[in-house]
Every structure is written in C-alpha cells, then in structure tokens.
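Shown here is one chain on its own, the form predicted alone, set out as structure tokens.
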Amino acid sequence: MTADTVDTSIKGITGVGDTGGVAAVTSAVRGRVDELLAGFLDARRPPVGDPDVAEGYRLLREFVVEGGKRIRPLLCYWGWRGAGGEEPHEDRAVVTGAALELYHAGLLIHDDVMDGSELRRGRPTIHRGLAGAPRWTGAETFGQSAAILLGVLAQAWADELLADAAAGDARGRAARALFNRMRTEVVTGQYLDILAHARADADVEQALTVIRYKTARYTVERPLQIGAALAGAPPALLEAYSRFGLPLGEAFQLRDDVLGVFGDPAVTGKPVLDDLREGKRTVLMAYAYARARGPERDRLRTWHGAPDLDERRAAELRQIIVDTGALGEVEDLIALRAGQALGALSDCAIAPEAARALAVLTERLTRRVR
C-alpha cells in the first residue's frame, strides 16, 4: 500500500463528521491526564529529609509531567469510547490512561540506562541528570543506579493508580489482566532487543518480532483493549482492536527507527547518533545488512555499533542505508502497516467519533517527525 492509498483510507474514515470535535476531546483528555499526573506526583513526597533524595523525586516528576506525547492514555480513552464508554464513567478511563503513562515513564528511564542515552525529550536523561547532582566520586554509577530505582518507583506508583481505577468489578479485573499481560510482553520484547544486540545477527523477521512485543502490543494494542475492557467490550471488539493496533504499533516503531537515524535532533529531542553508535538491530538496519555488499557491508560492520562513531562516518552509514534501498523498504512497510490498520478500523464496529479519532492518530503516529 502506498502513502496515497493511506491518505484515501484516512479521508474515507474521517471525511464524515466533526474532526474538530475529536481534536477538542483529545486535547481535553491530554490536559486531564497531565493534571492528574501532576497532582498524583505532588502528593508523593520523599519519606526522608535528604535533599539528594528530594532531587531524585523532582527529576522524576519533571520527566513525567513536562514531556511525552500521551499516546497510551489517548488510545486507552478512545478504546473506551469506541467500546461504548459513557461520560459519567470517564474518570476511570482517564486514570487508567495516566497509570499507563506512569508505567511508560519507568520503562523509558530504564531503556535510557541500558542504551547509555544522553538526551530524552531535549533534556538530559534521568541517569545523566542524577550523575551531575551528587557531590562525591562515582557519579556515573550513582546516576545509573538511582535512575533504575526511580524507574521502579514510577512503575510502582503506576500500580497504585491502576488499583484505584481498575478495582471492584469484572470490567476492572479484565482491564487489570490485560495490563498484567502487557507488562510481561514489553519486558520480553526488551529482553529480545538486548539479545539481538548481543547476538549481532538479527534478520528482518527477528527485528519485527522485537518491535511487535516491545512496542506494538504495549503502545497501541493493549492500551486500546484496556480502555475497551473498562467499558465492558465483548471479545470480538478486543480482537478487532488487535487487528488495528498491532500493525499501527509496528508502523509507529518503524517510524521511530527511521527518526533515530535520519531525524532532526532539534525536533526529536534525541541525538541522531545514538542508535548507530549503540548498534541497534532495527528492521531498518536488518534490511541494510541483508542488501549491502563488498565495501558497503564492511563499513556497516566496522562503524555500526562503534562507540567513537562521528558525524562523518554516520553520514556514510546513512548513505548506505539509502543506497541499499533499506530506507525505501521501511517507508513502504510503514505505509503497508498503516493501511492494514486503517483497513481493520474501517471494519470495526465502534462509535464513529472514536473511529475518526483513531484514524487521525494513525496518521500522526506514522508520519510524525518527533
């Protein structure tokens, strides 16, 4: 499927009805999630008076409240609306979405430690910020260790939020079961990711398996289903959300992989050399390795994953990715997955407003520049 076909599919879904109304609701939900997270974190003060502990709490609050796209809370909300969720019970979906965002923050903190990343959302990563705070030796080790603890704390607090929202009835228990499954899947996906890096032999199918578990289920499919479960969705709708969510989640991560190599750091908020220096075994790089020959393959093997990779060598790697057709292949795959998601959405028996919102989100998530 081409990008033009995707455009036609989006217009077919969004062409009837008030997309301005969808935008207003989406903005309002995002604002409520932000407000809820700020209030929740403000109420959790350090149980000790140590100023360096207080600084860790402050950095965590800043990371959660002052950044992020709120993708998972929005998908949770629209999954709830699409399953027939009604306004008197809206708080439950919003609180659950906030719990998803807080859990996500913990994962990002851990991911940055594992990747050795310097920047996230245009600011120093949590472990880098903490490394600059203490007034003693071993700052780097302290920063990494403290960041791991703060990531765990964020995830524990996510559990607290979810316990409030998903308690007391069959719908809450169903949402909780999906949340629990999601946690197992995303950790497994992360494990597969570091295995691929250690083995240095991931092909396209293996790389796709990583993003299916590390990103697609966790970012799109499960948040939609968790929201739907809160509204009492039947199994058929949960399956329909899966048919929509998995390809969209894969397209989302494929776009992230492209931005990690070709993005503008001033826009993405992340250094453009990190993925190449780390030697990430993405679908993009799997295609490049599969197609490179001779000197091109030698340069890939030498410089992809080199800690001292500079911008000149990175530019050579980017050119190889383009010349081998790897970039074009991934762009085609993004369009294909987006088209599959929209095709599943058009067959999905959900409220029209929710269908329009999910179509708009599909476009934004697959064509984003940050």
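Residue numbers run from 1 along the displayed sequence. The shown structure was predicted, so the numbers you read here are calculated from the model rather than taken from an experiment.
Just so you know, the form predicted together with another copy of the chain exists too; it's not on screen, but the next bit is about it.
Figure note: of the listed segments 325-333, 54-62, 310-318, 30-38, the one touching another copy of the chain in the model of the complex, with heavy atoms no more than 4.5 Å away, is 54-62. In the model of the complex, another copy of the chain lies within 4.5 Å of some heavy atom of Leu130. Although the partner is absent from this view, Glu296 stays clear of another copy of the chain in the model of the complex, with no non-hydrogen atom inside 4.5 angstroms.
Proximity of Tyr213 to another copy of the chain in the model of the complex falls within the 4.5 Å heavy atom cutoff. The closest non-hydrogen atom of Ala198 lies within 4.5 Å of another copy of the chain in the model of the complex.
With the partner removed from view, the residue among Arg176, Arg92, Lys280, Arg120 that has a non-hydrogen atom within 4.5 Å of another copy of the chain in the model of the complex turns out to be Arg176. Contact with another copy of the chain in the model of the complex, defined as a heavy atom within 4.5 Å, holds for exactly one of Leu153, Val258, Ala202, Leu108, namely Leu153. In the model of the complex, His110, Val113, Met114 are the residues of 102-127 with at least one heavy atom within 4.5 Å of another copy of the chain, listed from first to last.
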